[in-house]
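A lone chain, given as structure tokens: the form predicted on its own.
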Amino acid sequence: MATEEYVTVTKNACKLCTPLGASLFFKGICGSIPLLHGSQGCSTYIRRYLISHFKEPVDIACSNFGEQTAIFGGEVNLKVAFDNIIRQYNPEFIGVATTCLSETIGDDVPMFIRKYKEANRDNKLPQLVYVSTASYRGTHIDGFHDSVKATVDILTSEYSYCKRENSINIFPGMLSPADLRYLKEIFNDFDVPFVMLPDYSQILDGSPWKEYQKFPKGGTKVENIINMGTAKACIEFGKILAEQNSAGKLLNKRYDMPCYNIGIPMGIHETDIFFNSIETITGKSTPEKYIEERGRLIDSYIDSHKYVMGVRAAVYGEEDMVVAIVSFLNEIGIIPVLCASGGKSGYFKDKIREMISDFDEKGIVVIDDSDFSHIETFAKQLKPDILIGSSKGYAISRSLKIPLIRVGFPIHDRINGSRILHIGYRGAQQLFDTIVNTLLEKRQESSVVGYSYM
């Protein structure tokens, strides 16, 4: 009798679920509650995952699907969830993200929301924004960007702006709270008004409380999102995102607003582009302190190039983050022999190739839609000196006995996930120092005689 051999097609995917990205984005809006339309397990998993990285309380509501809901639909559950959230939290904003279950049974969430608004037309309701986030269609970064676009679309659609202000809309993407704080510092130093969406720099990296707070301090205000249509221009990070529909492109199309689609500003080259964009929009020069940061970074490159030149690295994570890291590694002389992501935008390899002029000569391997099993297999063949990515790569690091430089999301085995600075000259300086010191430590510990002076 013939037997069929079963194989595991995905083992520890190099991506996270789509509503997780949506939930993180909704946490970056002032007075917002994320609401997952699905089962409790989804919201529990996402809360646990975010808390482990950010070390902060994360409230995420759920419409609490059960067996009957899975058969007859979740309209009643969603209405009850709205009522409960409004009664208990009185939020300004509820972001509804669907789970795989509600997507699979075909719940018409926009219709549910429309009927709820009609039934409560005499009541003051919070802003209700819906985004479709079936995990089998994308990754956490897709859920994040789709939520940004849905929020901007819904909150600006009812307004026609006849006056253009001098402000800038900044869409940073999924960066750390430290990155978001640094961005705000830059725009404040330029003395230019701005709206950054999202802004979870305080909500997910704040000071201790004496009592529980329903809404931690911070976040992008709803009225500021509504006014995004009046800005002078948009800046949006992500070379992959630049090829896709986005909030910046929506504002460009709807209000003829210039949109600067640039890479995540990691390293000197991409950070120069970022500062040049601000200069072009505002007509102001870059403040001296950033020119000095740039100078110190270049000086450290000169001092330490002998330690990093020719080093081989394996980089993995969200596609745009990997592209940005590859750009940075290329300018300091490290060869990213393996570039991997769980995303499957179709642009990943081309964007990596654009970053490295001698891509083919260096034999760089790029794999998308990958899992950590594939990444380990390729890493064993390519023999990198270091790994760069989230803490999910620790098992590979341990197996291959090579150091892991932790960046991005999630960081579950260290305490500083919120405080890792990736962007700008300052972030490049921190990452460069970390890489060089890690390589020196590795060399030092493997030395037969040991040394304490370089």
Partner chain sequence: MTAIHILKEREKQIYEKGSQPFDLTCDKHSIAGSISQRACVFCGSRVVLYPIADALHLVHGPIGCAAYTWDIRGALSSGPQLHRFSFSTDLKEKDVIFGGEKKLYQALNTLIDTYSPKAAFVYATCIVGIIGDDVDSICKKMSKEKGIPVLPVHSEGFKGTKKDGYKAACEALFKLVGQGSINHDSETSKFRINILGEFNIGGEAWIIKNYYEKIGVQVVSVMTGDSRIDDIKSAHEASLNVVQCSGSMTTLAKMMKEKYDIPFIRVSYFGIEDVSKALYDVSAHFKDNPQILENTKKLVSSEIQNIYPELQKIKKALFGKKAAIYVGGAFKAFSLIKALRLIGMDVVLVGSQTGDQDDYKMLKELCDDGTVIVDDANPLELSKYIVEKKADLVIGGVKERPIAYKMGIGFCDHNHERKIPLAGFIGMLNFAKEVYATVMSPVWKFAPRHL
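Note that the structure is a prediction, hence the values are computed from the model and not measured. Numbering follows the first chain given and starts at 1.
Although not depicted, the form predicted together with the partner chain is the subject of the following passage.
> Quick one: find which of 353 to 361, 163 to 171, 245 to 253, 101 to 109 has residues within 4.5 Å of the partner chain in the model of the complex by heavy atom distance.
Stretch with heavy atoms near the partner: 101 to 109.
> Tell me, yes or no, whether I402 is in contact with the partner chain in the model of the complex, where a contact means a heavy atom of each within 4.5 Å.
No - in the model of the complex, heavy atoms of I402 and the partner chain never come within 4.5 Å of each other.
> Do D122 and the partner chain share at least one heavy atom pair within 4.5 Å in the model of the complex?
Because no heavy atom of D122 falls inside 4.5 Å of the partner chain in the model of the complex, the answer is no.
> Within 4.5 Å, heavy atoms only: does R414 come near the partner chain in the model of the complex?
Output for R414 is no: heavy atoms all beyond 4.5 Å of the partner chain.
> Can you tell me if S207 lies within 4.5 angstroms of the partner chain in the model of the complex, counting non-hydrogen atoms only?
Residue-level check for S207: yes, a contact with the partner chain.
> Within 4.5 Å, heavy atoms only, which of L421, L387, C62, C30 is in contact with the partner chain in the model of the complex?
Answer to the contact question: C62.
> Heavy atom within 4.5 Å of the partner chain in the model of the complex: which of S157, N188, N276, Q213?
Contact residue from the list: Q213.
> Is it true that N12, E67 and S135, all three, sit within 4.5 Å of the partner chain in the model of the complex, judged by heavy atoms?
Each of the three qualifies.
> Taking only heavy atoms into account, state which residues of 39 to 58 are within 4.5 Å of the partner chain in the model of the complex, ordered by sequence.
Stretch hits, in order: S39, Q40, G41, T44, Y45, I46, R47, R48, Y49, I51, S52, K55, E56, P57.
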